[in-house]
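As a starting point, one isolated chain is supplied in structure tokens, in the form predicted on its own.
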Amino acid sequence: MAVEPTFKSAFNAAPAAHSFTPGRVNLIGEHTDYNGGHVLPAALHIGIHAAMTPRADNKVRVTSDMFTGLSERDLSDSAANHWSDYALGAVIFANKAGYLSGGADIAMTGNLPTGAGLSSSSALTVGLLKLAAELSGKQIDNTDVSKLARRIENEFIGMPCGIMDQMAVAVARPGQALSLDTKHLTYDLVDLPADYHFAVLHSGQYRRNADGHYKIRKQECDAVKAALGHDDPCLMSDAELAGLSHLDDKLIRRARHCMTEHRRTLRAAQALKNGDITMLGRLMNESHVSMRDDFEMSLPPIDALVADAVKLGAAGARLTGGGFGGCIVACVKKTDLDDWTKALLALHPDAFAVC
């Protein structure tokens, strides 16, 4: 999906540079990345193509084949709940980092559905920051670009996310999973199994990252951290969890999800390395139950989609992403994939296959 024609059509010139950044699907490890835990995302073959030419003034002009019209913004603008906010934020923070000294003309194309929990926003911001660094002739490593992209989410957009998405799309390539310790930002790259496919299906239930649900869960986790006296509920012991009995039951369940999801993710990474698909699938199923019951981030149509995915032969399936809508991921034998997908979508007409 070439981005150069989109850029040239909008700006009557070829871009100074362009790139592709993959989206990601999280195989397991949800809401652990801002709680000191482990995550296991995998890069997708689909993603965001971005093109950029720096400007000498403060204008930021953005076009996209995913949205209508040309957006004209200024470096002095704040986030305005507009589709161009992430591109604007990337240019603002590229200026702060010294990769740009003004605005930019930007085009983007892609095949990642927005609001699906597949990191379209992180793919865009990471891609634009890397382009800005490339055009400046300066070096930026994947960890630093991920930290800068996270600042765009936290400080400009107002989204209190962790760093999983940014690290996943900056580091992993299609066909790889990133086994990431989000506390220390150390990681291993793990090849995905050749005979299985991690199918991503949109539930038909749409969500937005900034709609408040994510922020509420972050606030609840912050309350758990305050009760624990440290910032890593994923790393708490069984005794520490038992010591939270004075808290509201809702907060205890949030804490239990963080602790058990972290432990599941460590086991899942090892199972993936060992080629133990049965164990990996079992852990994915357990993860969904925890997200549904303890973290309360699923919806009944998604629960039904996950249950039927397993009944029809998936080794494991779960909600993926921030929750409250979006996609599921299921581990399916490649030889069964076509029949499995057709059967599942026949039962869930609002759902559709993403990749």
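Numbers for residues come from their place in the sequence shown, where the first is 1. Computed from a predicted model, the values in this text were never measured in an experiment.
Another form, the form predicted together with a small molecule, is not on view; read the next lines as being about it.
Judged by heavy atoms within 4.5 Å of the small molecule in the predicted bound form, the contact stretch among the candidates 276-284, 130-138, 84-92, 162-170 is 162-170. In the predicted bound form, Y214 approaches the small molecule with a heavy atom inside 4.5 Å.
Although the partner is absent here, G321 is a contact residue: one of its heavy atoms lies within 4.5 angstroms of the small molecule in the predicted bound form. Proximity of G316 to the small molecule in the predicted bound form falls outside the 4.5 Å heavy atom cutoff. Although the partner is absent here, H288 lies well away from the small molecule in the predicted bound form, with no heavy atom inside 4.5 Å.
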